[in-house]
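Quick setup: one chain, the form predicted on its own, written in structure tokens, and binding and motion questions come after.
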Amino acid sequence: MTILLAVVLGALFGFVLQRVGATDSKVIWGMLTLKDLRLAKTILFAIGVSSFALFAGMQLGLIDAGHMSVKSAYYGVLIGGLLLGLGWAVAGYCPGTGVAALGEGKRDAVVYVLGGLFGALIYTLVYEKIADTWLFEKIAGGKVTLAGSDKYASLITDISPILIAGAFAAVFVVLAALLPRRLAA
């Protein structure tokens, strides 16, 4: 049942990515170059609403934080994030949009996905050599979230998690509403 749910949710996610234009590298480049912010508005709104829904669901006991997979923060994540961002800017895809574009049959997505798999292979091959280096030193205690839960520590400890989530959700939704669709050339 878990696999079936994952396939259904993945298909729905891919459908939404396609409908908002996130599988079109030109739309992504327009966002990254700040010429067309429609996709950025959609992303900001989705982050705001889903963040609030997640933390509200955890506070109400509807969502078990044990099902969340929070990865440890360490220096290698920062470097990996920079590499991901660079690849996103160059290719016009992030991992999710690249796979969805591949599903649409876009040829440039084939190159992108194969490049990602090649990068994963290289990482796998060098992992043992870098596993004990500074790249894996934890940042901020490792597994933390912005607004804690019963399973993970919080970066902000003096305020209720639902208030933190609500404030950040509001900021993201307001940013989505205030951003123009296009910046003047």
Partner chain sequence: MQSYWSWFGGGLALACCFLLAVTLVKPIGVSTQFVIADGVIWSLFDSELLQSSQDNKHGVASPNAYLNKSGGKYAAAIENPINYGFIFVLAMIGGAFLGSRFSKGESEAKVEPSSSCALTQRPASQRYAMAFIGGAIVLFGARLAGGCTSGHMMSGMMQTSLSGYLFALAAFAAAVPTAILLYGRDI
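Numbering follows the first chain given and starts at 1. What you are looking at is a predicted structure, and each value in this text was computed from that prediction instead of being measured.
Just so you know, the form predicted together with its partner chain exists too; it's not on screen, but the next bit is about it.
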item: is_contact(residue 33, its partner chain) in the predicted complex, heavy atom dist at most 4.5 Å; value: yes
item: 4.5 angstroms heavy atom contact with its partner chain in the predicted complex for residue 51; value: yes
item: Residue contact check: residue 122 to its partner chain in the predicted complex, 4.5 Å heavy atom; value: yes
item: Partner contact for residue 20 in the predicted complex: its partner chain, 4.5 angstroms, heavy atom; value: yes
item: Within 4.5 Å of its partner chain in the predicted complex: residues from 1 to 26 (heavy atom criterion); value: 2, 3, 5, 6, 7, 9, 10, 11, 12, 13, 14, 15, 16, 17, 18, 19, 20, 21, 24, 25, 26
